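Consider the single chain below, provided in structure tokens and representing the form predicted alone.
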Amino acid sequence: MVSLRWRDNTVIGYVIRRLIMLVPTILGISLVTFVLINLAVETPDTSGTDIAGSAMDVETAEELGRAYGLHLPLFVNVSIDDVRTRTRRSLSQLQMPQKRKAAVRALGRIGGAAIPYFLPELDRLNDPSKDAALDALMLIAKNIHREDELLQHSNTLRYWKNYFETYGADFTPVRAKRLVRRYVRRKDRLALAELRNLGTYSLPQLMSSLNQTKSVPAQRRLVNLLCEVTGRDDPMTELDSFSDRQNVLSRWNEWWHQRYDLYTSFEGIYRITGAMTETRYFRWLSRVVTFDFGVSSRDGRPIRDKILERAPITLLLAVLALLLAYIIAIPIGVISAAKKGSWFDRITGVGLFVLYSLPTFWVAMLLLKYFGSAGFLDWFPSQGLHSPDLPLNISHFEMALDAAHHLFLPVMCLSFVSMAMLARYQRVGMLRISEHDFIRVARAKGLKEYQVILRHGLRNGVLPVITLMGLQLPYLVSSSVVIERIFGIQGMGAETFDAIRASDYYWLLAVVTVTAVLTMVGILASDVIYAVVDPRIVPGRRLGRRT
């Protein structure tokens, strides 16, 4: 007698292999998304001109480019563009009359971080370039709180020479780090004054300490000092709640993520690894892997927090719609195949074709008109996920019933198209299986028809429907954009609709990535169910012969 020997760990190994195969899939998805981003957004021209009023346009274009990392090379960065190279490039541009004003603005934006690389080169400039350099240093003086002191000296050039001889040794990372540590431990006024004198040079140490410290007073001191050094108006006050503080920190981290190379000098190993890390693709891949998509341009909240808040609602809708579609579609498809050519088969065939052709939003409007709270029958709520007048002491079971009451209409709207398609696939699969020899043998043995269908036909005929599971989940998630908007459900769909209107690209890119991940999860789930339903597809399954 022939028997099947299938080790228990075969399915587990198969699932592990499928999970490992998701890694290159994620890399491929990130690469495709990265290409689409770079095709959709062109690199802005930030070279600048000397035309009056153009400075704001240049800065706006540069901010847009930095938001998408368009100032970086695509895959390999052979020349790291850090604060040192930017300062030296701007100094060389001071000698070009057509780029002189743009170079002055660029040096002024860098601020105190440019001093260690700016002042040693001051004597090497010619007279026109030196005058422009002094204009740039006037802007830098505001950043390091030396403007009043500078105005008191008649010889500006001599002032800066004396300044660098006296304070040049203060501009070191070790000293900036020590001052920041003192200011984090307590409100040290002397350390605060010294950090103000360093200006933007202390930004790397300030941001590093801001991410490491858990002390709320220290975070508040650091954020307020950052506002003073950078000119950004995003402080942290004593009245801020925990979520408000987290949002402030996220916005500062996003700001630093886009601009840290403006104030950082890459030295040693960091200059070598920067050939790969300081590229557009690496930055995008790091965001995909960590699901850190920055902050929303509409409300300043972290995209990751908003996804964690909205995704469970959308997934609940999609999963319920998927389950309902399969629960209804499989029996309809099986019965239609078993009664091929009957009135039931013909009526369901026409009905499923009509359902498949109906627009989702139109069906939603009809359900609201006849079954919604403002409709004729008033059976189901029309808006929201919960009733607004729920008592505070309600039990979890009663809350679940209330949510199910609200979810009935939107789940029906999401599931009817999938149900119609799955039912037709199930019918075709059953008709194809019914022509096989093992079905004829089962009937010849005298088994009843329902036994033949359930024990022999369904297990093989359901495979085509299982294959579609990997595609149905992302389809239902994308369809929720309209359904959530119509029924007033605050999920990913409603947020995506608002993001499209507001051009919130960070949220849209995050939704694309989440949808791609859900597609992979759906495909993995269908493969696992495949292995359970039909173990013959699992690699490593062994057949043995036992007498």
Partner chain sequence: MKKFKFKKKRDLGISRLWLYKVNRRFYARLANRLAAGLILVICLTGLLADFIASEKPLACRIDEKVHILPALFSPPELVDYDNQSILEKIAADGGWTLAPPVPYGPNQIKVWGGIDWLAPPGSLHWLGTDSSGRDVLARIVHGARSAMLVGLSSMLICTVLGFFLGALAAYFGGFWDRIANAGIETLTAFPTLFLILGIQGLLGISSIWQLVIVIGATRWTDVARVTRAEVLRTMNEEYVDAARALGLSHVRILRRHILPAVLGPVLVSATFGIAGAILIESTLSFLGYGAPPPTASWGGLLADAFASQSCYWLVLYPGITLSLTVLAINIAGEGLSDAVDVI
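If you superpose the two forms and keep the largest set of C-alpha atoms that fall within 1.5 Å, you have the rigid core. If you're wondering where the values come from, they're calculated on a predicted model, not measured in any experiment. Positions refer to the first chain, counted from 1.
The same protein also has a form predicted in complex with its partner chain, omitted here; what follows describes it.
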{"property": "Complete contact of 359, 482 and 515 with its partner chain in the predicted bound form (any heavy atom, 4.5 Å)", "result": "yes"}
{"property": "Option touching its partner chain, based on a heavy atom within 4.5 Å in the predicted bound form, out of 423, 413, 477, 198", "result": "477"}
{"property": "Sole residue of 463, 368, 248, 227 within 4.5 Å of its partner chain in the predicted bound form, by heavy atom", "result": "368"}
{"property": "Options 253 to 261, 74 to 82, 351 to 359, 171 to 179; stretch whose heavy atom lies within 4.5 Å of its partner chain in the predicted bound form", "result": "351 to 359"}
{"property": "Residue contact check: residue 25 to its partner chain in the predicted bound form, 4.5 Å heavy atom", "result": "yes"}
{"property": "Touches its partner chain in the predicted bound form: residue 509 (any heavy atom, 4.5 Å)", "result": "yes"}
{"property": "Contact test in the predicted bound form: residue 67 vs its partner chain, heavy atoms, 4.5 Å", "result": "no"}
{"property": "Residues of 485 to 524 having any heavy atom within 4.5 Å of its partner chain in the predicted bound form, listed in sequence order", "result": "485, 486, 492, 493, 496, 497, 500, 501, 505, 508, 509, 511, 512, 515, 516, 519, 520"}
{"property": "C-alpha of residue 296 off by 2 Å or more between the shown form and the other one on rigid core", "result": "no"}
{"property": "Rigid core superposed: residue 467 CA moves 2 Å or more between the shown form and the other one", "result": "yes"}
{"property": "Residue shift check between the shown form and the other one, rigid core fit, residue 196 Cα at least 2 Å", "result": "no"}
